[in-house]
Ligand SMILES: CC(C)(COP(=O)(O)OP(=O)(O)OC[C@H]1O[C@@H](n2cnc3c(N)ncnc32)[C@H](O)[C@@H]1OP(=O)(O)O)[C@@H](O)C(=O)NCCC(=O)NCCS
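In structure tokens, the next block holds one chain alone, the form predicted alone.
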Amino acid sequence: MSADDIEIRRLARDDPADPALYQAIRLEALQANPEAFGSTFDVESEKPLSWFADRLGDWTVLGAFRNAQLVGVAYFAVQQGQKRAHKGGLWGMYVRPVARKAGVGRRLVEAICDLARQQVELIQLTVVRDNEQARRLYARLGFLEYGLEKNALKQGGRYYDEVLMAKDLVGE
């Protein structure tokens, strides 16, 4: 698989297939990497398909497709409030193991940044400190580390620190 084989597009609430595809990859992500997400598989696996469809309407969720298979997702939202509306957030990034190391993550982050550039001046994210591969990807794409939240997440009795990163979209 190569990044050239990948189509990036927004997942839509009213698309006949997208809510179920999104539900499947989201639950897979929560099971495969529970330490990387603020939610849990137990909580979201009990939600109906309509809940996942509503999330596609509330947020911008980009999907990476190879043929008709969804192999990765990433979320973007503009922060709320007049004093924060110049900032956006990237979160919930997940690439299925079969598509890793093929440029899918890079393509998703670039697509989120392209979208964000039209709406905000700064894009922020957090990443678990132990996730060196993701931190390197974000750094290669221009994100700078600016802080650390100690014990940001607790999973299975273990605490995980999150690295805060941002990218200035105006100064590019």
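Throughout, we count residues from 1 along the sequence that is shown. Please read these numbers as outputs of a predicted model, since none were measured by experiment.
The protein also exists as the form predicted in complex with this ligand; that form is not presented, and the subsequent description refers to it.
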query: 4.5 angstroms heavy atom contact with this ligand in the predicted complex for residue 112; finding: no
query: Residue contact check: residue 83 to this ligand in the predicted complex, 4.5 Å heavy atom; finding: no
query: Close approach of residue 104 to this ligand in the predicted complex, 4.5 Å, heavy atom; finding: yes
query: Touches this ligand in the predicted complex: residue 100 (any heavy atom, 4.5 Å); finding: yes
query: Options 48-56, 114-122, 31-39, 142-150; stretch whose heavy atom lies within 4.5 Å of this ligand in the predicted complex; finding: 31-39
query: Within 4.5 Å of this ligand in the predicted complex, all of 94, 131 and 136 (non-hydrogen atom); finding: yes
